[in-house]
Each structure stands twice: as structure tokens, then as C-alpha cells.
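In the C-alpha cells that follow, a single protein chain appears in two forms: structure 1, then structure 2.
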Structure 1
């Protein structure tokens, strides 16, 4: 309750202030709809929001898994070979600098209009950088005492990686994965702005905004926020399951 209650109270107060600001200030709905109007649209469009969230969530999940797997393999290779590590970091930085608004239309033109592959590729590219960079840092930060101990045991490279490197890099890996989980949803939704199947949250947002149905557009934005929160919480749960000792140390 100490962790959950303060943000809940702050969120409720923010919604109340938002409602008062729009109502008393007579702000036009196309500038900023009131939370009550958005809530009414969420209740009315709950089935459409759920279906769109499933479509966007599938793209985000597949892109997150694919981008994470590639990032893990790249980080393992970069930590093993020094030259590869020096080359891969600038390359990863270039990928991270690619804007979604430029990348998504190009990938959409490379595939069929009914294909979800471009959105998943965009998500995977966005996910790659935080996972790769954090995991590579964790793989390189090995305690010298542990390293010397494994040498005295004449441990092989695989044994050293399995017993020391990988467990020690798990906190860094999940730090990157937490960042990537939210970025995956953002990338999947934004990629839907630029054509393709009109079944996701991004397409619904642009469609509602085009018809000046701004409360409905904000309702789909709220659905995207909830989807991102679900991804983040799932990552936290996975971290607790993978590192139960961390929870015992902090409790």
C-alpha cells in the first residue's frame, strides 16, 4: 500500500484538476477534452479499444522478443570479441538514432499493405539498443575476485559465462528490458500511423482525430498507456521470477 497508494492519489488529483481546468476554463474539446468525456468514450469504445490493443500488443510483443533475442546474441558476441564490441556500439547508436517517422514508411513500402512485418521490424529495431547496451555493460563488469576464482578452478569459457558473466549481467539486462518494454508499445503504436492494417491503436487514434472525434482519440491513447503499463508490469514480474535473490536482499 505504501508503494501503490501515493501514485494513485496523485493520479486522482491530477484528473480532478484536469477536469476543473477544462470545465471552468472553457477549453475547447479539440484542444483538450475533459477526463469525463474521455472516460465516457472509453466505456463506449471498450470493445474496440480491447481489439485494437490486442493487435498493437501482438506487434509490440513479437518485436520485443525478436529485438531482445538479437540484442542478447549481439551483446554476447561483442563481450567475447573486443574488436566486434568496438564496432557494434557505434552501429547500435546509429540504429537508435533512426526516427520511427522515417523508418516506418520505408518499411511499409517494402512489404504488402496487409502485412504486420514492418511494424514488428520497427519495434525490434527500437528495442535492440537499450537491451544491447545494458547487457553488454553487465557482461563486461565482472568482479575481479570472481574472475580470479574461476581461473584457479581452471573453468572453461562456457562455465565462466554460465556461472559468473550471465548471472552478474541479469540486473543490467532487466534494466534494458524494462526500458525496451515501454518503447516497444510506443514504436508499435507510432508505426501504425503510416499505413498498413487499420486494426491497431495507432490507426484508431489517427482515424478518430481525422474525424475531429478527439475524446475518442484520447480514449485510444489511454488504451495505449494501459498497454504500455501492462508490458512494464509483466517485465517486472519476469525480473522477480528470474532473480528471486534480489527480492530477498531488498526485503
Structure 2
């Protein structure tokens, strides 16, 4: 209770203040609509929000899974062949600082703009970097005591990788995946701002804003937030299942 109560109180207070600020201050809806107006729109548009969230969610999920798979394979290769790792880490770190999302219009040209592939591809590329960088760091970091111990057991390279390197890198992998899962949703939603097929949350937000239906646009933003939250919580759950030893620690 002590952990849950303060954020809940803050949340309710913020909503009340927001409502009062908008209604008493007569703030125009294009500046900031009232939470009650947004709530009403959420209720009214729940079917549309659900459909758009499903489309964006599918894009995010496919991009997340694809990007993660490629990143895992790349990280395994880069940890196996040291030269590859030395070259790829600074390269990936630099690429990660670039606005990758801006690739969307190019991908729309390379594929047809009526397909879902460009959005999923952008999502996959965005997802790749945090997973690759974190997992590779985990794979390269081995406790020196474990290293010596496995040598005293005369363990082969493959046994060492399976029993020490891979499980040891799991926490790093999930750090990357947590970041990636939020980025996936963001990328899948925002990629629609750059054109291409318009059936997800991003397109709904822009079209509602274009029709100056601001409460409706905010309602779709709320849908996007819920989608992001769902992805994040799913990743947390997966992490708990994959690493029972961490969970028992905190309990």
C-alpha cells in the first residue's frame, strides 16, 4: 500500500488540477482539452481505438520480435568473433544516436506505401540497437572467478558459453529488451507520421488533430499509452519468468 498510494494520490490530484485548470481557466481545447472531455471520447471511440491499437500493436510486436532475433544473432556472432565486436560496438553506438525513425519515408519508397512492411522494418531497426548493445555487453562481461572456475573444470568453449556466458548475459538482454519494447511501440506509432499505410494509432492522432477534434486525438494518445504500457508489462512478466532467481531475491 505504501508503495502504491503516493503515485495514485498524485495521479488523481493531477487529473483534478488539470480539469479545474482547463474549465476554470477557459483553456481552449486546442491548447489542452479537459480530462473529462478526453474520457468521454475514449468511451465513445473505444472500438476505433481498439482497432487502431491492434494494428499498431501488431506492427510493434512483429518489429520487436524480428529486430530482437536479428540482434541476438548479431550479438552472438560479435561475441564469438572478437574483431567483429570491436568494429561493431562503436558503429552501433553511433547509429543509435541517429534519428532512425526518419528512415520511414525511404522505406516507404523502397517497398510500396500500402504495405505494413516499412513500419515493421523501422520498428525492427529501432529495436535492434538496444538489444544488440546490451546483450553484447553482457556476453563479453564474464565474472573472472567464473572464468577461472570453469578452467579448473577443464570445460570446453561450448560448455562455457552454454553454462556461463548465456545465462550470465540474460539480465543485460532483458535490460535491452525493456528499452526495446517501449521503443517498438513508439516507432510503430510515430512511423505513421511519415506517411505510408494509415491504419494505426499514429494516423488516427494526426487525422483527429487535422480535424481539430483535439479531445479525440488525446483519446487516441491515451490508447497509445495503454499499448506501450501493455508491451512494457509483458516484457517485465517475461523477464520474471525467464529469471526466477531475480524474483526470489526481491521477495
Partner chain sequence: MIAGLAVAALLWEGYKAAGDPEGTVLFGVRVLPRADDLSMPHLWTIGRRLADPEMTGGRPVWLVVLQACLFTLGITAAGFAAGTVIGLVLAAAMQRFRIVERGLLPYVVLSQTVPLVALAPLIAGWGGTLMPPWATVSVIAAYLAFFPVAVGMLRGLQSPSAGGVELMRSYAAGWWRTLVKLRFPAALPYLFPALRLAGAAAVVGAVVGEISTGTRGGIGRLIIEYSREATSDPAKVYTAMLGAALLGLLVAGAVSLLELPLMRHRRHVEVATL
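By rigid core we mean the largest C-alpha set that fits within 1.5 Å across both forms. Residue numbers count along the first chain shown, from 1. Remember, it's a predicted structure, so these values are computed and weren't measured experimentally.
Only structure 2 of the pair represents the form predicted in complex with its partner chain. Relative to the superposed rigid core, residue 237 undergoes a CA displacement smaller than 2 Å between structure 1 and structure 2. Here residue 9 exhibits a Cα shift of 2.5 Å between structure 1 and structure 2, evaluated on the superposed rigid core.
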